[in-house]
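Below sits a lone chain in structure tokens, taken as the form predicted alone.
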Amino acid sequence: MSAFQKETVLSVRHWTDSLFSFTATRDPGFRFQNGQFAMIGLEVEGKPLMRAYSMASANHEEELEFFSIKVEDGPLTSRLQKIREGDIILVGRKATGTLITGNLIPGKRLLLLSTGTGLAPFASLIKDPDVYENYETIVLAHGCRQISELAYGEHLVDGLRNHEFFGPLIRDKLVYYPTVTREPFRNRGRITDLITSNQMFDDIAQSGLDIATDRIMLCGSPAMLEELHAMFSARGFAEGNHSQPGHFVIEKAFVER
């Protein structure tokens, strides 16, 4: 177990029948960049059962936070969804991931495009003061099937807007764009379709995609990642990574989870 830290669960909140978040203690030696993930899990029959989870907390916060789906027969999530305050989780000592600003060429507008629990790394990034220093506008798009599944994101953004420090910082820079596919809502449709049709940009009263100024991060369903990767590549956007910054980056660690 030397590759993992034992951390104590501090709080658990169930947002829907299929989504929950939790906070845990953070070892002072655990370092990460906003947008990264770590292996977390539980000790089961004396062995670590681990999966990749993005930190939804920012690197300047003293506690760790994670946002998770519930999978009834999932090896880890079927157990993890039952954790309570005081329980012990395992957290890997090393953080990694492609969703960091250093993997992007400098730009003016940052598009954070997510579905489901793919919102988690962006929850970390929109709490990073440097992001607001480096970009004129940050657009956080979150696609879900039902309105109830937007609750975590809405709570997150509302909290930042009312925050003593972040409120003034994000008021004119952060644009939150929630959308659903299976219920009537002010924004309706798949993120891929809303971008292709330019509807998302019309809804937020901004100009469409511009390779000269737009930088993009993607985290979500395999279908969304595949479609948007093809779309951006066809428009000349280059995918970035640790060795070569680009116009967009994709987190692929969760595709098979």
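What you see is a predicted model, and the numbers here were worked out from it, not measured in a lab. One-based numbering along the sequence shown.
Another form exists, predicted together with a small molecule; not displayed. Remarks below refer to it.
Proximity of S221 to the small molecule in the predicted bound form: non-hydrogen atoms within 4.5 Å are present. Although the partner is absent from this view, R145 contacts the small molecule in the predicted bound form, with a non-hydrogen atom inside 4.5 angstroms. Using a 4.5 angstroms limit between non-hydrogen atoms, T192 touches the small molecule in the predicted bound form.
Though the partner is left out of this view, E227 does reach within 4.5 Å of the small molecule in the predicted bound form, counting heavy atoms only. The single contact residue among T101, S124, T115, Q81, judged by any heavy atom lying within 4.5 Å of the small molecule in the predicted bound form, is T115. Among R186, R182, R171, K108, the residue placing a heavy atom within 4.5 Å of the small molecule in the predicted bound form is R182.
Of the candidate stretches 153-161, 73-81, 92-100, 137-145, only 137-145 has residues with heavy atoms within 4.5 Å of the small molecule in the predicted bound form.
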